[in-house]
Ligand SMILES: NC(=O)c1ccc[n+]([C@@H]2O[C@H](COP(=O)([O-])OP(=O)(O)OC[C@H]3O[C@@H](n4cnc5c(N)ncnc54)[C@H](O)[C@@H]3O)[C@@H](O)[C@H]2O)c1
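Only one chain is given next, in structure tokens, and it is the form predicted alone.
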Amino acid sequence: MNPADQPCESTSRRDFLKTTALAGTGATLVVPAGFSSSLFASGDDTVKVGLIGCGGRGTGAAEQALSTNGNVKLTAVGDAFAENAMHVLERVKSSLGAKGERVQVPPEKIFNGLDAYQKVIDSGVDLVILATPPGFRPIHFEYAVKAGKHIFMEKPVAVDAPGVRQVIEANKVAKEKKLKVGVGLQRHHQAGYLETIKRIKDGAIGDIMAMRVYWNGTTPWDPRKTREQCRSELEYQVINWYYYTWLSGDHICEQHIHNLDVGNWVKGGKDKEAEYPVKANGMGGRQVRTDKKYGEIYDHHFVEYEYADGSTMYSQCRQMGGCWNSVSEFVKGTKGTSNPSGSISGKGIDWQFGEKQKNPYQVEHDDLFAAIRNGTEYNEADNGAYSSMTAILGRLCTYSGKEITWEDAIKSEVSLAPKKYEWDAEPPVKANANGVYPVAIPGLTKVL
């Protein structure tokens, strides 16, 4: 997961929300359902894809998009760093084998710099893949919606409450324009989860009492460059984005969102803010990953989420070597228990999902592209925003040590974004004279 393109807006997300009125309507031209006007005008059924963010996840998403049925081409790529934008093309070509000919990006459509996302979106593509560090997802999403593009965006879709609200507001316009939007929460496209959670909702384990969700593992990657190797502090943080909350949201947002999303899914919440947790409390800190090179994020979080009906979701995410590892979810009901990835147990029931499953990372793209071609309704952005907010709520609790309500959290005006997006700009967080970044201290740190 290499750093990718960031926007060069001069306003913060909070200011942008306050001063910009989102405008957008569906196209007046009669076009084949689901297709953009550019496709119709050309008389071609080819879906032209633009990749924004050329790291590991962006590379994988591009490969999956180009592996879908029908005519599809990668026609533009962009990244903050030129080497990433150049190298992604060969990686995608070689992984696709015979389908490598679907990579058709001329030199003039290989963009780099902090405005590369705008150039890709404006290059004549029909669908954009947003795979940059998540702190920039709201701005990229909004720009793509205004431009009338179908979108696949990675999770999380924001790292703070203003960003979540920006995505939700932009998505209202996306719905008006009938744009198709996929979000990289691929468990929603995994057969075992789909069948098991359907059975849970049909009452297989009774009423939900409690859930346990985990993303316990080790450090995914170490910082790639030192401060001395970078031209500015902002570039240093963007390159090592995972370790800065304004870019990643901390690992409770960047990774554990998958498990928190499953908990929300089990509870039945979909596109309705009120069906997500109503409050939470938690604890966390930095116990083993304390070197200054690891920026400001924690190495462990524990959060207790409460839903409106009193049921609870207990959440763990930890990045420490030599410890118990688990990436999983468990549900306890009044009649039994379930691992929602594919099993249910209880009195008189012992069921397991036994079918061969397709790769959910591929299926989520298959489903998105099928919706584009068939003109069917397809929009995952609201759920992506609310599950991102669930993770953000957890981080606010662990950083502060306070119990915080969903209502207070989602209304927060605390933006993590920098005031402007330029390489010589001042980042939101700065190290002291010894190169040590401030770390949240529960009981002292204010988060709202």
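In this text the structure is predicted, and so the values were computed from the model without any measurement. For every residue, the number given is its place in the sequence shown, counted from 1.
FYI, the form predicted together with this ligand isn't displayed, but the following is about it.
In the predicted complex, segment of 365 to 373, 137 to 145, 204 to 212, 285 to 293 with a heavy atom within 4.5 Å of this ligand
That would be 137 to 145.
Can you work out which of D126, D261, E154, E329 has a heavy atom no more than 4.5 Å from this ligand in the predicted complex?
Here the answer is residue option E154.
Within a 4.5 Å heavy atom cut-off, is D160 in contact with this ligand in the predicted complex?
D160: no contact with this ligand in the predicted complex.
is_contact(K402, this ligand) in the predicted complex, heavy atom dist at most 4.5 Å
Taking the distances in the predicted complex, the answer for K402 is no, it never comes within 4.5 Å of this ligand.
Within a 4.5 Å heavy atom cut-off, is R224 in contact with this ligand in the predicted complex?
The answer is yes: R224 has a heavy atom within 4.5 Å of this ligand.
Flag G55 as yes or no: does it have a non-hydrogen atom within 4.5 angstroms of any non-hydrogen atom of this ligand in the predicted complex?
Within the cut-off, so yes.
Honest question, do F81, G184 and V238 all end up within 4.5 Å of this ligand in the predicted complex by heavy atom distance?
Yes: each residue has a heavy atom within 4.5 Å of the partner.
Partner contacts in the predicted complex for 340 to 362 (non-hydrogen atom within 4.5 angstroms of this ligand)
Just Y361.
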